[in-house]
Structures are given as structure tokens and as C-alpha cells.
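Below you will find one chain, with nothing else, as C-alpha cells; this is the form predicted alone, and questions on how it binds or moves follow later.
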Amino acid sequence: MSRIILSILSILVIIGCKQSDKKVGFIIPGAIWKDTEGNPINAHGGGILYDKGTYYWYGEYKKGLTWRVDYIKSWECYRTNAGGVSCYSSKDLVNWKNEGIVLPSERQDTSNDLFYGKVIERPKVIYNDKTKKYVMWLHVDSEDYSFARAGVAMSDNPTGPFAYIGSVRPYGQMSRDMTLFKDEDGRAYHVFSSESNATMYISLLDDNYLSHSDRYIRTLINLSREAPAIIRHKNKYYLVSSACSGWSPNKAMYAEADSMLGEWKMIKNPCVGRGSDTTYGTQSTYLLPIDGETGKFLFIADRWNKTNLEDSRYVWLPGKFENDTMVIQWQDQWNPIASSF
């Protein structure tokens, strides 16, 4: 009898050990987030593509010394060399595998848009069902941010390599902080801060997603909004953005509209509770739908460290819609798949 009990206990111990070996899937907002190899994730100002059961996180690769551009006096222009666009992949939004640099910066040609001494920011990738290509748009700029253009690249695979095509000032206007949005009908939109960040532009891209169509709007005029992020819930569209305060965090606001090229109306701050007046010390970069039926989504933001940009942190928080009102609330730790937020 004692041998039977001992055998059962041994089996239970083995089962318990196997269960304890499993990774606990928690996001801890603002903490150092390591990839599956144990290195800090380096993908700032990023966006997420969900493709064939896998999530792909694209972001700015920032590495090395941060310095302030001393001849710019109007704002704190802190910079680090542009390392290109990095990519990470995940099945659960918590554990991320490093897929490497999918769009590298240029090390020799100083006239190249992607020269490492310039600016490469806020890359976003969407898939074109017609051309079977992965299309990336990003903000490319000069050291003093006077270039203000939108760059575009393309790849056959989500993990690259992406071939850079070139850059443009859409409709002859500046293009800085930006995002992409692909609607349910397959139409894609480029959303960007323009006119010295005073106005937001929303442009319908062509069928190949490689250039801008003649359909666009100017919205949030003279409100000075940047860091746009868009999501659709039911039959409405929601645009989260931040005010323009350099590297210092400020209060997020969201606007809503009945169509992407329709009339956008500013509503209110989606963040609630302590820290909401500074968006919990962050700036928005992307909104990822988690459950379309219930309206759950993932709010993705950066907590910038202006004097050490490589060490800027990621703050991912749960969001939802309550009676068509957007709500984002702080969590010390949470799981985006298992959570019942």
C-alpha cells in the first residue's frame, strides 16, 4: 500500500514540475521586456500585424548613445542613430522572438532617406490581399525634422527583408507621426500629422497600398495632435492621439467618426484613474483589436526616456468600449489573451 501511495506522489510531483516549467504569460507595463533569448525588446514607436496565426511587432531599433541636437533651441531634439526597423513574432502577445532587422538603415550614403544619422520612426505594416505583399509605411526625416516625409517599403514575407521604395510628401504636405489602418473592406489608410503637426491628414491609399489616392481629408485642424492610432468598433472609427509636448507625456484624447474620410469629432480622454492626465506617462502608437464582438483591444504606447532612448519602455494596457465609449485603464500586470478585462 505504501508503494502505491509513493508512486502516486511521484507522479504528482512530476506533473507539478512540468506545470511549473511553463512560462507565466503576463505583460508588466513599463518593465524591461525581454525576448525569448533574454534580450530587451528593441521596437519603439511600433505597430502590430496579425497574419496567419502569428503577431508581428515592428518598431524603431534604437541603439547606443543618445544626444541632444544642440543647434535646435525650440524643443528638446534628443536623437540616437537610426538602426532601421526591427521585427519580433509571437503567438500569445507576451513571448516575442527576435526576427532581426527587416529594414536596415544605410551606413554610407548620407543622401539616402534611411541614412543612420537621420530619423526612422513609427513603422507600420499591413498585408495586401490583392498583391500578396506586405507593405510598410514609416516616418523618415532629417536630423532637425525638416524633411518630414512618408517612406514606403515592401516585402514578400512578414519577416522581410523589406525593399525600400522611396518617400513622399503626400499632397505636398509634411508627414511626421503616422499610422496605417486597414478596414474590413480591404481599403487602407495612411494617417499622419501634418502642417507642422497642426493638422491630421487621413488619406485613402491606392489598391496596391504603395501611393496615395486623390481621396483624403484634413481633420483635427489647428488642434496640434500627433501619435495617431486608429481602431474600428462596430460601425464607428476611433482615433487616439496625443498633444504636442516634445518628449513629455500629456493627456491623450480620442476622436470618433462614422467613416474614415468623414467628419471627426473630438470626444475625451480615454484613460481613467490615477495617471490618466499623462496617459500613464506614455504616448500612443497603436491600437490592436483583441475581440471584435466585445470591443476589447490592446492600447500600445511608449514611455520615452529622452536622455537614453534605447531604454524607453513599452506600456501595453487593456482597452474596451462601454456603451460605445472608449476606456483604457492601468493594470500592474495582465495577460491580453486570458484576461477578462
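The structure presented is a predicted model; accordingly, all values stated were derived computationally and were not measured. Start at 1 with the first residue shown and count on from there.
Here the subject shifts to the form predicted together with a small molecule, a form of this protein not shown in this document.
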{"query": "Segment that reaches the small molecule in the model of the complex - one of 246 to 254, 199 to 207, 158 to 166, 182 to 190, heavy atoms within 4.5 Å", "finding": "246 to 254"}
{"query": "Non-hydrogen atom within 4.5 angstroms of the small molecule in the model of the complex for each of 122, 145 and 283", "finding": "yes"}
{"query": "Interface membership of residue 99, the small molecule in the model of the complex, 4.5 Å heavy atom rule", "finding": "no"}
{"query": "The small molecule contact at residue 226 in the model of the complex, heavy atom, 4.5 Å", "finding": "yes"}
{"query": "In the model of the complex, residue 75 touching the small molecule (heavy atom, 4.5 Å)", "finding": "yes"}
